[in-house]
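There is one chain below, alone, in structure tokens, taken in the form predicted on its own.
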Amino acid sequence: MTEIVVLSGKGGTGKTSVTAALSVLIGKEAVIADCDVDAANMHLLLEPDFSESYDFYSGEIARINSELCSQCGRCQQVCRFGAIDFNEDGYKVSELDCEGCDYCRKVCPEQAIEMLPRKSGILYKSNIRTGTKMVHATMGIGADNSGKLVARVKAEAKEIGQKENKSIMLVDGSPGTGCPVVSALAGANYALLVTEPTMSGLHDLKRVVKVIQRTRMKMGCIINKSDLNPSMTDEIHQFLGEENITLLADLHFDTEFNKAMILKKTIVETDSPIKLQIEEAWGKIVETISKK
């Protein structure tokens, strides 16, 4: 099973729209993993049924047993995150502020504090309208360790893909270059980059390329809305050439993207010329990953 990760370096380039379009093109041959767990939205286009859900736990959170607490206040004094408040009910831990450092438990003379597993998000396994399955997740408010949740999403998707003999695992990665991106890249065979012709688009493209180059992974790039800033598009072309990265497509601005989204469809389900361009881009990807 070939694993393809779609990345962007920054948000708002059309990464998820392109990933969803490829999901429709590939159809039943692919298992889909939405690893943009901090802002998951591919479900809006692929209509998952959320048939299975699992709580995701990562890290710890402190809890104070009010029956054992002598209200000495030592826990509040040592907490560097301001996570312990005092009111008429005694000392309480704020879930949003607690970093799970365990210091409060260690200084408590009454052993009234315990560290509990922290629920950080929810993982889903769904059937989607393309006739295949998608694994996706959402992080809780203020939760961290999204890199670990990404790894869990990928592991579950890979298991489904192997069990159902899928030929492609298509991963929608997070924007940026942080832990979720590194986690999404782990074990992948090909990186598809989606960028836009802006200074920030090129800047962040360069950053994510540096990350991918450490894996020696093959890459290709789609420039979205390339006609809106021709000079910047030329700069991106030059950069791709210098880094030996395949230019897969220059997609012009097309309002059909927005119209399709309103109907919960992808651009390849319209009559837009972009449909043919994405089909050709996918053909180039298949040709590249087929080479040994």
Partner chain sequence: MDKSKPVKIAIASGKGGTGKTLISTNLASYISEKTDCLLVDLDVEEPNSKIFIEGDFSLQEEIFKAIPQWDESRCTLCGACTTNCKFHAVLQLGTMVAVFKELCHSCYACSELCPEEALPMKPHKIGEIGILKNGALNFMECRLSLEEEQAVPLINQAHEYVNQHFSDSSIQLFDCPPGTSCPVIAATKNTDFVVLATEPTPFGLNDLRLAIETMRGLNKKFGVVINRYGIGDDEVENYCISEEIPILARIPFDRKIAEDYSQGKIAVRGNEKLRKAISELFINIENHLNHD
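Keep in mind the model is a prediction, meaning the values are calculated, not measured. In this text, rigid core is short for the largest set of C-alphas that superpose within 1.5 Å between two forms. Positions refer to the first chain, counted from 1.
The next section is about a form of this same protein that is not shown, the form predicted in complex with the partner chain.
Using a 4.5 angstroms limit between non-hydrogen atoms, residue 232 touches the partner chain in the model of the complex. Although the partner is absent here, residue 272 lies well away from the partner chain in the model of the complex, with no heavy atom inside 4.5 Å. Among residues of the shown chain, residue 144 is one whose heavy atoms approach the partner chain to within 4.5 Å in the model of the complex. The closest heavy atom approach of residue 156 to the partner chain in the model of the complex falls outside 4.5 Å. Just one of 217, 179, 72, 186 comes within 4.5 Å of the partner chain in the model of the complex, counting any heavy atom, and that one is 179. In plain terms, the part of the chain that comes close to the partner chain in the model of the complex, with a heavy atom within 4.5 Å, is 253-261 out of 24-32, 237-245, 253-261, 48-56. Residues of 38-77 placing a heavy atom within 4.5 Å of the partner chain in the model of the complex, in sequence order: 38, 39, 40, 41, 43, 44, 45, 60. Once the rigid core is used as the reference frame, the Cα position of residue 77 differs between the shown form and the other one by 2 Å or more. Residue 115 shows a C-alpha shift below 2 Å between the shown form and the other one [criterion: core-superposed Cα displacement of 2 Å].
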